[in-house]
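The chain that follows stands alone, in the form predicted alone, written as structure tokens.
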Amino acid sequence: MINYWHSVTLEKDNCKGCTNCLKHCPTKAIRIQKGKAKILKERCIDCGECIRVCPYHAKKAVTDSFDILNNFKYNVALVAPTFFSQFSIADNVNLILTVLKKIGFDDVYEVACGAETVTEKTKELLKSGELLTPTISSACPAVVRLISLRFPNLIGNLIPLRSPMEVAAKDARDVAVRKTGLKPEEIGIIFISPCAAKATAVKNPVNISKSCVDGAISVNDAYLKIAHQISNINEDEIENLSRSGKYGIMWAVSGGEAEATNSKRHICVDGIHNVIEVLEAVEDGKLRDIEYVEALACTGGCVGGPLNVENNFVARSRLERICRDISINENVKSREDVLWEKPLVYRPVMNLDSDISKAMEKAMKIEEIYESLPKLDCGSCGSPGCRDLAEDIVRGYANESDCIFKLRERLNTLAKEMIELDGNYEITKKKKNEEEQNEGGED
């Protein structure tokens, strides 16, 4: 079993055991035990759905604080286009980038530039005809982990390209080294992240040996840091820092990536549950006429990330406004260094035992227990469904009595047994009294 560091964590004191997260988790990674949620790390893909739906803020994403800037001699803010959309003055990209330099960063670099590089390589690979179709985008780390966990047959359909974040980080470091003369390790590349999945990808990348990003600060934290300072910047202080074109910026919204690739037969799906539905269709061979699938875990794309501040519809509108005055960058070329270093690995979660014979016995036991359960998948037991409860029982996480229907059956049986015992007791008592009376009469 492969272990991952996870950004999504549980604040147990805030948890009320309400089952909202249990019902919405796309990979069945959550259980409710002893009135509190529990995240099964081997199943979690850090999509952030539990963060969205928890009314008690018991789920949170762990990201770096601004203190991480103290670890390096020179810091570059790696800015996702989503960050621009959080501000009402979003059309002034250079103003936002300038303010980032005012709060402690020595330089800035746009992730949109990395997106443009990935776009060019994607177009080249699609044109080559060497990819399995429908080819699935690999830009969203939550979707990549979902496929490695739940759809191993589709691993070969993923386009083997690094994320725009990683490509931009590598380029940002190269630029900083040339500009400063510092060693690469003395330069901090700090990503401003809209989601937990990307924060996890920084700590535990799946297709490269080590991330080019040194840390991830949430969009929310960065927003709070600079929002009040924007109005204090004079126009003559604004630097001309933006280098990205229209296509790179629009990668932040659903449909932006597919439009940039110029694919004629594509579909764009956002929202993790919608993504699962489409992947199931791909697995069943129902989308053979589709060439390219753009799949994003967050509703609306990266603008819908759980670490953002702004509503995703407003954010999309702002990015569209930015792009009205920005042209397409025609100078971007395809590169070989944007390919994965290593293949994606299947992450089996049904590994019941290292001994195959014991694993088969446990699998049979799961089926046996499942057949005895009501198959209502109500979640009242603390597991997402009846089959999950059966697995949890075999693994030792739960008991059959956790099922309220099985518990009710047991209580009814016990009640009947008690009534029978009580009846038998009364009969025995009456019989004993009669015998005693008879014995007294004889005396």
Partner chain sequence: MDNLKLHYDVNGDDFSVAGENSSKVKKMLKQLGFSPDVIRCVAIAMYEAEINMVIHANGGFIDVDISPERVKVELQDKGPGIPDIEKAMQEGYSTASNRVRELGFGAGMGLPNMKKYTDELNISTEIGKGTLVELIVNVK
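Positions refer to the first chain, counted from 1. Keep in mind that this is a model prediction, so the values were computed, not measured. For the two forms, the rigid core is made up of the largest set of C-alpha atoms that agree within 1.5 Å on superposition.
Missing here is the form predicted in complex with the partner chain; even so, the following discussion is about that form.
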**OP:** Would you mind picking the one in E186, E120, D221, E283 that has a heavy atom within 4.5 Å of the partner chain in the predicted complex?
**Re:** E283
Original post:
Which residue among A363, V309, I290, L344 has a heavy atom within 4.5 angstroms of the partner chain in the predicted complex?
Top reply: A363
Original post:
Pick from 212-220, 234-242, 166-174, 146-154: which stretch has non-hydrogen atoms within 4.5 Å of the partner chain in the predicted complex?
Top reply: 146-154
Original post:
Is A359 one of the residues lying within 4.5 Å of the partner chain in the predicted complex, judged by heavy atom distances?
Top reply: yes
**OP:** Examine K406 and determine whether its closest non-hydrogen atom to the partner chain in the predicted complex is within 4.5 angstroms.
**Re:** no
Original post:
Wondering, does S128 line up within 4.5 Å of the partner chain in the predicted complex on heavy atoms?
Top reply: no
**OP:** Classify R395 as contacting or not contacting the partner chain in the predicted complex by the rule of any non-hydrogen atom within 4.5 angstroms, answering yes or no.
**Re:** yes
Subject >> Core-superposed comparison between this form and the one not shown, N311 Cα displacement 2 Å or beyond >> reply: no
Original post:
Is A359 one of the residues whose Cα moves 2 Å or more between this form and the one not shown, with the core superposed?
Top reply: yes
Subject >> Rigid-core frame, C-alpha of R387, shift of 2 angstroms or more between this form and the one not shown >> reply: yes
